[in-house]
Each structure stands twice: as C-alpha cells, then as structure tokens.
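The chain below stands alone and is given in structure tokens; this is the form predicted on its own.
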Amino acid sequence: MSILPQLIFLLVFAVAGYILYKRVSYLRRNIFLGQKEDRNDQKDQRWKTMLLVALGQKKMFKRLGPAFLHLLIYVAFIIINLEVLEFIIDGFSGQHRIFAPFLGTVYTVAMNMFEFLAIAVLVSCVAFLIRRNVMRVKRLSMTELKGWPALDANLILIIEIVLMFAILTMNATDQILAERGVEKYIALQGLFFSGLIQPIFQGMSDGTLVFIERFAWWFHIVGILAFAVYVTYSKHLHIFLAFPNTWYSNLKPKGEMKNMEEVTNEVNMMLGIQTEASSEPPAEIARFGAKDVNDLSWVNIMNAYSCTECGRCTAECPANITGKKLSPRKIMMDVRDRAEEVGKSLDAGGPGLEDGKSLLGDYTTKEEINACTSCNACVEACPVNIDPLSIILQMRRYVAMEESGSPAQWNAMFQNMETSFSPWKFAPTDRFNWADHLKNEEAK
C-alpha cells in the first residue's frame, strides 16, 4: 500500500501547525503590547464565570432566537471535532474509520448524531446569512461593519455550510461503496441524513465514488485545518479567546471605576496618609490615561481580539441609541486594528508605535469617547464579558489630564471639584445653607 497519502497528510498537518504557531506567537506579542495587569485573584469566581459565560453561553440567552441557533453551532463545533480526531488518526495511519470496528453500534449512533448536528449547523448558518443579508438586522449592518468585517462574517458562515456538505457527501458515497463490497469501506447500520442523498450517487461507478469520497474527506480535513488558521485572522478568534477572556473578567461591581494609582498615591502624600505605595519614591509616570494601545493593559487588548462584533453592546448603548457617534463595538475594533497595525509594522522592521499615529485621534475620536455616559450597558450586554468602558475612561483621562482637552463645561466642573469639593461653584462652608433655610422656613 502506498504511503504517499500519509506523507501528504503529514506535510499538510505540519504546514498548518507551523502557520498556527506563528500566528499565535504574533497575537500573543500584540496582546502584550499592553501594560502589565494581574487578574488571578478570586480563582473560584473566575472558574465559575468562565464555565457559565464562555462554556455555558449564559449571556447569549438574553436574545433567545439567535442564542438557540448559536448554541447549535457551538455544540456541533465541540462534538464534531471528535470525528476530526478520527480523521487525523486515519490520515497519519492510512486507515479508514479506525474506530468503527471497536465501537460497533455505538459508532453508528455517533455518526448519526454528527450528521444531525451537521444539519443543525446548515440550518443555523443559513438563518444567520438571512439575518445579515436579507433582514439586515440593524446592529449587524452598521457603518463599522462595512467592508472586511461584513465579508468575514459571511465567509465563515459559507465555509461552515460547505464543510457540513462535505461530511454528508463523504458519508453517502462511503456507504454506497461499503454496500458494494469495495475494499476498506465499512458498512454501518444506516446513516439517516446522508442516506437521504445517496440516490444522487447510486448510478456512478466505483472509481467515481472513490474519487468523490476521497475528495470530500480531504476537503473536510484540509478545510478544518485551513479554518483553524483563518480564525486567527477573523473575528471568530473569540471561539478560543472567549475562555481566557472570561477568566480575566473584571470581577469588581460594574459601577466601580478603577482609580489611577499614581494619582491616589499623590493625594495620599499631600494629605499625609502613609501607605506602602506612597512611602516608596514615586516612579516616573510616562503618561496619564491612554493615548495608544501600549498605554492600555494587556487585558484591554485581549478584550479587543475577543470581540465577536455582534453589536449587542452598541445596540444597548444609550448614547448610540440617541444618535451619538459612540459605538462600543467600534471602540473594540479600533483597539484591535491599531494593535494589528503596530504588530505588522514591527514584523516588517518598521517604527511600530513610533509611526506618528495613535489609537486616540487616528482611530477613535474625542467626540466618540465624550458621548459615553459610563452606564456600563455595553459591559453588561457583552456575551464574553468585554469591557469597552475601561478603554473609554482611560482615553478620557488622557484627554483631561495630558491635553486639558475636555469640553469647557467639564473643565468648569473639574475646577469646582478641585476648589470647592463639589461640581457646583460655592464655598464648602455654604454647603449646608439649604438646611438652615429649611429650618427657618419650618420655624415660620
């Protein structure tokens, strides 16, 4: 028996593995352009969050229809990959359906379950294509999704449909060949869904059927490997990043904003409050807030790469709903696009972060970040616990503290808070005048 197919499979597998290794290294480097941040506390809560939100799809079910379709694809992705394991073993060993002789009837049941899931994926993908391109759901057809994002979403759905057809075609021709007694093909005890399309192939010769079956087998496994590589260029990277992204979720109450440690230490020293941090010599601060991706934390950048571009955050954003330019989804896409630009520049031996561009200004505008009400609706809506508000607040802090570029009304409020300890322009000694007035009125 020729070992050429195994050698070809080994070569294809090795090439895909090498490309994946390079892409994962590239993405890891881009994510760690950000500042250090330690989020490994409360491990029990982090495990619970990851299992419920990433694995259990908990937050998806706020919209029942899309959630059910997404669940079908998600379950199929996990379970059908068990069959991919058999493909890989067959590819290396030169065998065919290596598990079938050992599992017997159980194997047939498993194959029928895989085919049912393949049909479920077909139906779900067609429904998603209709939602995007025919019904044109508003959050799936907004300005920031024009061009590559829209093409990417459609491509992945079409690829999944084609791969599912390949499985059904392979099984249908495989069983016809088994019934004809062709060597190495194993007759199973009936495959329902692929059996429905067997009449299409019944009149073909054995040679033609072997070619179709082998083509479908190779197309499916090479397609799976190509899909794994493509995902690293796509918004569908969330398939893998959803798990670490939910593990490193911000577990603090959603209304709690993170203080800037540098400012807190300065205030403590001014007030004579001794803390461990304030007792140490102050380190040189490169920048207050965030102007570019390297000013954000690595968790912020991982959030951006985990973005599913579903637009649930933007659909819930009160600023966006009332016609403001702010779109939390676009903020995350901006961070990812800027990290990609810097990464490609570094790989090409270019200036990287010193290219004269920045996240704030070249990607995200002040008008966008100033429209944010800090309500946390976007954080609550995200199905994988992304935190756009953290990025918005850091960019606003840069504008306020480094550029003094906040709107005039904000600057007046800041000044009042600095001098009068409240947003209103009156002396702290007058703060309880209203109580005295009320007391006088009651006395009358």
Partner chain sequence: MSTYKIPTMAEMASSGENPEILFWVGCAGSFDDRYKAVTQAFVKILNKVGVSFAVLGPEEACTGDPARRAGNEFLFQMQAVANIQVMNGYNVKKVVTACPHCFNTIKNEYPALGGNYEVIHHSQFLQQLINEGKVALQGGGEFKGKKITFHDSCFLGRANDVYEAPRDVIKALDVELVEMKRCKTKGLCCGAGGAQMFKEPENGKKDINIERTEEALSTGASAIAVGCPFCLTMMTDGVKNKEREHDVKVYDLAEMIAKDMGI
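If you superpose the two forms and keep the largest set of C-alpha atoms that fall within 1.5 Å, you have the rigid core. Source: prediction; values computed, not measured. Residue numbers count along the first chain shown, from 1.
The discussion below concerns the form predicted together with the partner chain, not included here.
Judged against the partner chain in the model of the complex with a 4.5 angstroms heavy atom cut-off, the residues V222, E340 and S345 are out of contact without exception.
Contact annotation: of the candidates D362, E367, E179, D206, the single residue with a non-hydrogen atom within 4.5 angstroms of the partner chain in the model of the complex is E367. For the options R29, R39, K62, K48, the residue carrying a heavy atom within 4.5 angstroms of the partner chain in the model of the complex is K62. At the 4.5 Å threshold, heavy atoms of Y18 stay clear of the partner chain in the model of the complex, well away from it. Within this chain, L11 is remote from the site of the partner chain in the model of the complex, having no heavy atom within 4.5 Å.
For E418, a non-hydrogen atom is located within 4.5 Å of the partner chain in the model of the complex, even though that partner is not displayed.
Using a 4.5 Å cutoff between non-hydrogen atoms, S2 does not count as a contact of the partner chain in the model of the complex.
Stretch-level contact check against the partner chain in the model of the complex with heavy atoms at 4.5 Å: of 298 to 306, 354 to 362, 314 to 322, 113 to 121, the positive one is 314 to 322.
Residues of 355 to 374 lying near the partner chain in the model of the complex, listed in sequence order, are E367, N370, A371, C372, T373, S374, the criterion being any heavy atom within 4.5 Å. Relative to the superposed rigid core, the position of the CA of Y18 differs between this form and the one not shown by less than 2 Å. Annotation: Cα of F432 displaced by less than 2 Å between this form and the one not shown, core superposition. In the core-superposed comparison between this form and the one not shown, M113 has its Cα shifted by less than 2 Å.
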